[in-house]
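The data below hold one chain only, encoded as structure tokens and taken in the form predicted on its own.
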Amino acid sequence: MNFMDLFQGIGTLVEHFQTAPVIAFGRLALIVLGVLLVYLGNKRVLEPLIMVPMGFGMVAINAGMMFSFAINLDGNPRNTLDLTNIMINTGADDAAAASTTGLMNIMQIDFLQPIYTLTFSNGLIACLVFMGIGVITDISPVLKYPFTSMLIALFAELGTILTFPIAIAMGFGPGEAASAAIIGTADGPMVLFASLRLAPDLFVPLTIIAYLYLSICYGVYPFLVKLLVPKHLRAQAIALQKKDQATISPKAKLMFDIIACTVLCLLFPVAAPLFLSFFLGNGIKEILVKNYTELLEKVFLYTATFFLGLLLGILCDANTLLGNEKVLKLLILGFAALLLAAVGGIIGGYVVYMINKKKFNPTIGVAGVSCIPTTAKVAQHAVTEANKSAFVLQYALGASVCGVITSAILTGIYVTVVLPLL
């Protein structure tokens, strides 16, 4: 046994430098990126719940590539030497479907394969996250300001709508273009859910880009707000009204949940899993079933978020990303989609500002992007910087919650319209 056989991660890196230097440098770059994600997550610059497990997974997958004799589905070794890893085998599911032995071999060899197969490849993990989001979301602002919240959220779908024709013009197919457009929702589970149906070959880079770009909401949106909303408008306080102090009863919120779930599932059955998950989680919160609430929030949400980040990191190997020429275009499209979404939301804020005879703060518009509660916090922080006594968080949360709903609706429309074309 020589050195390369004993330390196979180094051996495969040397092999890549000799045969595919782009992949070798890509592996090193992704290892560095993984370390950076862990660092930024620890510093709370990025969301640690996603970025820390993603960073560790990204480091492990790109460092832990080894030499291995490939195994056929019948269990017999092939005679060719292959470069593989012991993390997860995403390409073998379809081939192994007809062979119980083959599937069992995959699930035993690749230690994360059971989680991927049972929760990730079918979109279940996105639904678990939505249940958790539902159980921690207060829909009172939506019921207090339904017109304002929904109007802003609809304008914030500008990125989701305009990115589709841009992607088509860049050479993407309808399914790929629709999946890239949904990055504009700023909702990672939504992108995962849609891309698995419309662009399964690109769901890995699409979902990774969606989550990496959520940092735009933290870093870029505040500057965009300052650019598009003058300080005197950002400082504008909203006069309190009776409905601002009114309490929405749990019964009213539960009725909204069941009615909205029924209507949206009737209109867009393809997105029914998302609607069911969100409104079920919120309904359980309102009927005060403590055991279920704790299950969804403390177990489902955090477990699903952890494995979502870890699996995205594991799937982020150099061969997957650098072997696809469309990834660079997706990076551009994702950035454009999120910027257009924020611009659309702010335009919606100005529309409400004019409808209310200039007695509204247009900064709230950025909260229409459905990254709840991040965009709502961005709006409130921008207002506080201009006027410490101004409070707009209730309006912002209403727009953000409606953003989740409109994003699911747009996803349902895209899947319904585009899927028959594939």
Partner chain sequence: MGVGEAFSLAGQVYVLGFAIALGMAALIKLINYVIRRSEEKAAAAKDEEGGAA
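Keep in mind that this is a model prediction, so the values were computed, not measured. Residue numbers count along the first chain shown, from 1.
This protein has a second form, the form predicted together with the partner chain, left out of what is shown; the following refers to that one.
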Looking at heavy atoms inside 4.5 Å, which stretch does the partner chain contact in the model of the complex, given the options 312 to 320, 187 to 195, 219 to 227, 260 to 268? 260 to 268
Just one of 202, 280, 133, 142 has a heavy atom within 4.5 angstroms of the partner chain in the model of the complex, so which one? 142
Only one of 336, 272, 252, 124 has a non-hydrogen atom within 4.5 angstroms of the partner chain in the model of the complex; which is it? 252
Report whether the minimum heavy atom distance between residue 12 and the partner chain in the model of the complex is within 4.5 Å. no
So in the model of the complex, is the partner chain close enough to residue 6 to count as touching (4.5 Å, heavy atoms)? no
Answer for residue 409 alone: is it within 4.5 Å of the partner chain in the model of the complex, judged on heavy atom distances? yes
Report whether the minimum heavy atom distance between residue 165 and the partner chain in the model of the complex is within 4.5 Å. yes
Flag this candidate site as yes only if 51, 60 and 211 all have a heavy atom within 4.5 Å of the partner chain in the model of the complex; otherwise mark no. no
So which bits of 391 to 422 sit within 4.5 Å of the partner chain in the model of the complex, heavy atoms only? 405, 406, 409, 410, 413, 414, 417, 418, 421
